[in-house]
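First, one chain by itself: the form predicted on its own, in structure tokens.
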Amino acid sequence: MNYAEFKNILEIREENLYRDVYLENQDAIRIKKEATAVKNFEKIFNSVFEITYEKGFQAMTMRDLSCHTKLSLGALYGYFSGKEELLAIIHKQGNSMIRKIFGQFYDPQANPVEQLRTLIKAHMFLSESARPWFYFTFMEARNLTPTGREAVLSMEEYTENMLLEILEAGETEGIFIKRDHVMTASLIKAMQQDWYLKRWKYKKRGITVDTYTEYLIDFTISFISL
């Protein structure tokens, strides 16, 4: 699977992304017309990502968001009570998206090498497809409440633990050598983050997400294989 093939599959998921935001937060939203809410959540999220990329979430005002989305302040408050709740909704939906995509592509019955390849690809390709979301989540995690920050750390542990389980299974099956698998999983995660945090560097060098992903997979497997 390359990035183009991943995108063809993911497009079905993207059509429902903001509907999921609406459905998972329906009780707290005053807007009950689904089509309107879904369309406006797309505007709101994209505007948040663009504004905060330029000036940061804490510096963004509700008036900034109103101007960017062309929605009145009253309309915005129909979807969330304020910036903190909006931030929590974005992180919650990001976590849900990652879990669903991993569940869609990951095959627990495959051998550890294929599991590792698939998991790295799914993470890399999702971060490329939803880069504003990943970048925002990483950069703005510090502005979360303690509860929200705990949720982000839990998500970090979830993805690293999946890698860790594969590495340990590979060692048990005699495919991977014995190493510090916790450190290995952590380093894989850091290299994945480097892609979407420093996208400009790889774009300047003409490195595509497919090239980076294959190099990361080959680098990892050569490090852990017998």
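Everything numeric in this text was worked out from a predicted model, so none of it was measured. For the two forms, the rigid core is made up of the largest set of C-alpha atoms that agree within 1.5 Å on superposition. The first residue of the shown sequence is 1; numbering continues from there.
The same protein also has a form predicted in complex with the DNA, omitted here; what follows describes it.
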Is residue 134 part of the interface with the DNA in the predicted bound form - any heavy atom within 4.5 Å? no
Taking heavy atoms only, is residue 71 within 4.5 angstroms of the DNA in the predicted bound form? yes
Quick check on residue 154: any heavy atom within 4.5 Å of the DNA in the predicted bound form? no
Can residue 125 be called a contact residue for the DNA in the predicted bound form at 4.5 Å between heavy atoms? no
Kindly indicate whether 99, 106 and 159 are, all three, within 4.5 angstroms of the DNA in the predicted bound form, using heavy atoms. no
Heavy atoms within 4.5 Å of the DNA in the predicted bound form: which stretch in 196-204, 54-62, 180-188, 166-174 meets that? 54-62
Would you give me the residues of 30-49 that have any heavy atom within 4.5 Å of the DNA in the predicted bound form, in order from first to last? 30, 31, 32, 33, 36, 40
Core-aligned C-alpha movement of residue 125 between the shown form and the other one, 2 Å or more: no
Quick one: core overlaid, is residue 76 moving 2 Å or more at the Cα between the shown form and the other one? yes
After fitting the core, residue 197 CA displacement of 2 Å or more between the shown form and the other one: no
